[in-house]
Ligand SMILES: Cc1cc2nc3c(=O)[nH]c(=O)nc-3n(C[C@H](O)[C@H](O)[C@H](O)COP(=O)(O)O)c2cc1C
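There is one chain below, alone, in structure tokens, taken in the form predicted alone.
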């Protein structure tokens, strides 16, 4: 096996190994807004759910490796501590990728990527109409993990309201894992599609 010591390895290479080894990662399509009411939309795969009660999501907009700058998402959250986490499925994955391009702060990624603004009910940032699940969140805390290029910033969000499309529900009003058709992030330009060909079940009771 090869050995990678993060302390004496280029940050870009360390991150490439991490992103290729730790996956598939869920994708948070995060919608924020700044103090001048300019919307921002950007995807993050440093993301997951960490608590059910209270319902907590955490994602991390890391500092850019190439120039150690902060992303608009982080700056917006420092001004307006609200965010909508929109879930990404296969139907919207290409638009999601387009929203990740490096636009100027005054550019609305909703428009550039072809998404539709949808007013939220509790928070200021818009929801993404095309997303099958949209979660309106208040930001409880922002934790900086460092000032270096590649350093993350943990955004601890408490869900205030969840919107779920009826198109992805089964007859019991539960989310059907085949219908939601989630997409996961892998290394480099790779993604994974959670359709019926790749899904499988494991019954804990049958394991001896």
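What you see is a predicted model; the values in this text were computed from it and never measured. Residue numbers count along the first chain shown, from 1.
Keep in mind the form predicted together with this ligand is missing from the figure; the text below concerns it.
Contact with this ligand, judged by heavy atoms within 4.5 Å in the predicted bound form, is confined among 114-122, 93-101, 77-85, 130-138 to 93-101. Under a 4.5 angstroms non-hydrogen atom cutoff, this ligand in the predicted bound form has residue 62 among its neighbouring residues. The shortest heavy atom separation between residue 73 and this ligand in the predicted bound form is within 4.5 Å.
Within this chain, residue 45 lines the site of this ligand in the predicted bound form, having a heavy atom no more than 4.5 Å away. Put simply, residue 182 is far from this ligand in the predicted bound form: not one heavy atom of it is within 4.5 Å. Proximity of 34, 57 and 126 to this ligand in the predicted bound form is absent: no residue of the three has a non-hydrogen atom within 4.5 angstroms. Residue 27 is the only member of 1-34 with a non-hydrogen atom no more than 4.5 angstroms from this ligand in the predicted bound form.
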